[in-house]
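Take a look at this single chain in C-alpha cells; it is the form predicted on its own.
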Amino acid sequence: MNVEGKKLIWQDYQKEIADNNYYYVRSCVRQTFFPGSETAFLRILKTELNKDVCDQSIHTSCTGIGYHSDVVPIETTMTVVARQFALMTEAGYKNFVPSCITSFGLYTEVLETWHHFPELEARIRENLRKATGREFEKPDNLAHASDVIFKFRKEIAAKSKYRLINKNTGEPIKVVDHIGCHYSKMFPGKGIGGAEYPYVLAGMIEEWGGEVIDYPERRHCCGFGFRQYLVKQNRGYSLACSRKKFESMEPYEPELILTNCPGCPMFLDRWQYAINEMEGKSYGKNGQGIPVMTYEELAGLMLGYDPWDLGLQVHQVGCESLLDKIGIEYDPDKKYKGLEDKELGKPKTPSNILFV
C-alpha cells in the first residue's frame, strides 16, 4: 500500500477552518427542534476555548428552505444572503459560521455562483444597496459550526469529564454518524472528507473515545428533503427514508446516532417514535430507541454539562440509557423542570417504545 500517496490524496478532502473571530449565524428551525444546541456551541467556544464569537439577534433566515422548495426566487435569496454578509462586515468580522447545514450549502452555492458570474454579484450588490443602503465584503472563511467543533475536537477532549466509553465494560460506545446532505453532497470539496467519506463527525467520535459504525445506508438522506415533508401528501416518503436507514443500521446495534444538520436529528428522533406507534417496532436494545444527538449536545455532555441544560428532555427518544452507560451524572427529577424549577409538563408515555 502506498501510504504516502493516500495521504496526499486525502489532503484534497481537507478544508481551511479559521481558528478565531467567528460571526455566528443561527438556524431558523433548530432553536425550536433542539433549543440547547446553539447555546452549547457558544458556551463551548467562548468559555471552554476562549474564542471570539459574534452572536447577533438582527440576522434573519437565509431563506434556504423557501429557496429549495421553489418558493423564494434565487435573486431574492442572494440579496438576503448579501445582507447577512453585510451584518458580518459591519460587526468587523471576516469568518462566517452558519449553524444550519442548509444555510452552509446555500452560502457556498451563492459564493460559487458569484465567482463564476460576477455580473450577477454586481446586480445583487445594487439590490442590497437600494433595499437597505448596505455594502458587504465576502467572508474570508466559510465553515459550518460542526467544522469548528471538529477543528477543536482535541482541545475539547483534553477538557472533557467523560469519554464515549461504556463504564461497565470498558468498550467504546458504538456511534452512527449522519451527515446532512447539504454539507457534503452539493459541494464535496467544501466539506471535510468529501461526499463519500465525510470525516467531520467521525473525527469527533474517534477523538472522544467512540467507535464509528459503518452500514449500507450510512449516506442515505434522513428523509427531510423539504418537499418530502413540507408537502403533507409526501410525508410517507419522508418516513420511508428514515425507516430504510434504521433497518440498515439495526444489525450493527448502534448506541447513538450523531448528526450535524438541524432537520436530521429531528426526523431520525421523531420518526423512531412514529414507526414504533405504527408498527410496534423499536430499533434499540431492550425495547428502547436509539438516542439521536447533535454534535454540540455530545460535546457538551463530554465536557460535563447538565443533560437537561442541553435540552435532551425535548428529544422523543430517551437518552438515559446512553447517559447511564457512559456514567454521566444527571438528576432524573429535574428532567421536566425549567428555570427556577418550573414544571414544564411531562409528555404522554408512548405505547410501545420505552421512555423514561
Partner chain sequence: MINFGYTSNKDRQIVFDENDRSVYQILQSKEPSVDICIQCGTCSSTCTTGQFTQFSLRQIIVNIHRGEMDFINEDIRKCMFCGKCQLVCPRSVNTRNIIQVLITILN
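Residue numbers count along the first chain shown, from 1. No experiment lies behind these values; they were computed from the predicted model shown.
What comes next is about the form predicted in complex with the partner chain, which is not displayed.
Student: Can you pick out, from Gly280, Gly189, Gly92, Gly133, the residue that has a heavy atom within 4.5 Å of the partner chain in the predicted bound form?
Tutor: The option sitting close enough to the partner is Gly280.
Student: Of the options Leu87, Ile74, Leu120, Ala274, which one has a non-hydrogen atom that comes within 4.5 Å of the partner chain in the predicted bound form?
Tutor: Contact check passes for Ala274.
Student: Does the partner chain get within 4.5 angstroms of any non-hydrogen atom of Gly236 in the predicted bound form?
Tutor: Residue-level check for Gly236: yes, a contact with the partner chain.
Student: Give a yes/no on whether Arg163 approaches the partner chain to within 4.5 Å in the predicted bound form, heavy atoms considered.
Tutor: No.
Student: Would Lys244 count as touching the partner chain in the predicted bound form under a 4.5 Å heavy atom rule?
Tutor: Yes.
Student: Can any non-hydrogen atom of Ala158 be found within 4.5 angstroms of the partner chain in the predicted bound form?
Tutor: Contact check for Ala158: no, nothing within 4.5 Å of the partner chain in the predicted bound form.
Student: Heavy atoms, 4.5 Å, the partner chain in the predicted bound form: which of 148-156, 266-274, 74-82, 103-111 makes the cut? Say which one.
Tutor: Only one stretch qualifies here: 266-274.
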